[in-house]
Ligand SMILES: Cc1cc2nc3c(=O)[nH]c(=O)nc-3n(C[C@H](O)[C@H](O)[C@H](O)COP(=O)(O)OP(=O)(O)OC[C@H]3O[C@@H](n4cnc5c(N)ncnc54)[C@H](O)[C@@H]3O)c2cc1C
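The form predicted on its own is given below as one chain in structure tokens.
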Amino acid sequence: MEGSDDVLIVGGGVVGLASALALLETGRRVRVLEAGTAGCGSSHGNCGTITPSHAAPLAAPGAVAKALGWMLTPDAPFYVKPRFDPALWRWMLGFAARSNPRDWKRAMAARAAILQASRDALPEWIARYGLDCEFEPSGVDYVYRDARELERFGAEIDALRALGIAAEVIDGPAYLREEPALREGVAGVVRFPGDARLRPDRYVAGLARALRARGGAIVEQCAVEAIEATGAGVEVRTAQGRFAARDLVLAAGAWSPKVGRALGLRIPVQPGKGYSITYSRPALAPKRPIVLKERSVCVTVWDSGYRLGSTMEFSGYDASLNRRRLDALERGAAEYLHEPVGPRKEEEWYGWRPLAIDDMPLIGRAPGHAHVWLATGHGMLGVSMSAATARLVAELVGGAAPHLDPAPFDPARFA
């Protein structure tokens, strides 16, 4: 036996590392098992926006019809690659069943609660652990060139405001006077002043450093091969030996369904492939993060760089870098921005986001297992939800009163 701990965490992404830190604070001995390197997955290359504004789930009325209409458009923002994949189509049927007004509003309320709790906690969380990640309470702007699309978004704005998420609608010409980076033709902008941004690769690197400095262990290149429930807890067989613990937290992101099969778990999560391109900062860059709504492109600017990202591609665990989808990011940015790319391209990236069948994270005890917990299914919002998820995991594993209602995230909802 290579090691025995209080808690093993499978997955060294943002949710796994944050949960490990929160558990350490409760006095637990924690070891993280990561198949690659800490923070190497979707925690690394996302746009780093902290977005209570994204409380509305993707499982929205009309979402499936729109996705099916895009199946023959490989550079569409939401793309399902045509193929024979029974697991994907079962997932799509479940997703379609939840894409109705009642479930959409219910999920939005729960997502808003965890997003706002995480956003409120982040400044103190970053300060406590000394995370040098370019955090800034900048707000995020949704930019529209089509007035009809802006008008359609009005109902979602009202729903977000009802949940306490502030939003301001700004006239296009007025916005252009304060934001010279954008081209003419902006119909209007929705500003979410409570949103923020950080540099995600530096955030997860900081979490890993803080965890090690406080006595937590991270074992990299340590793929899980088998998991066994024992009378005393859990044993895990890996490429680097066997590990045992009283409790195990499965936080392997999009890989959670594959790892969970070792325990007989059916975790309704699909890998949603996202892309980004990172550049050196252009001379004329937006003052705050923006979402180019008609093209579903996110633009984030840091002191240290500039990133275009987003898109959602359902192509399984395909490990190719799709040039067409990268080019679509640059084309979309060029429609809106005078300088859509930076002078030097630094990285082209893809990663798999763990998208649950109802676009709600699974946080809580795994059905049928006394010592196994899930923290997965955060979709595109793992960084945004990380601080509150970590605290909730520590509370549930330790039997403490939770700081927010865990019921909407309970994995037993799929049992």
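Just so it is clear, the structure is predicted and the values come from calculations on it, not from any experiment. In case it trips you up, residue 1 is the first one in the sequence shown, and so on.
Missing here is the form predicted together with the named molecule; even so, the following discussion is about that form.
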Note: the named molecule not shown here; in the predicted bound form, the stretch from 80-88, 221-229, 116-124, 184-192 having heavy atoms within 4.5 Å of it is 221-229
At the 4.5 Å heavy atom threshold, is G253 in contact with the named molecule in the predicted bound form? yes
Might A55 be said to contact the named molecule in the predicted bound form, defining contact as any heavy atom within 4.5 Å? no
Going by a heavy atom distance of 4.5 Å, is V15 a contact of the named molecule in the predicted bound form? yes
Mark E34 yes when one of its heavy atoms lies within 4.5 Å of a heavy atom of the named molecule in the predicted bound form, and no otherwise. yes
Decide if the three candidate residues C40, C47 and M380 all line the named molecule in the predicted bound form, where lining means a heavy atom within 4.5 Å. yes
Among N322, S310, S99, S138, just one has a heavy atom within 4.5 Å of the named molecule in the predicted bound form, namely S310
Y279, Y129, Y275, Y175: which sits within 4.5 Å of the named molecule in the predicted bound form by any heavy atom? Y275
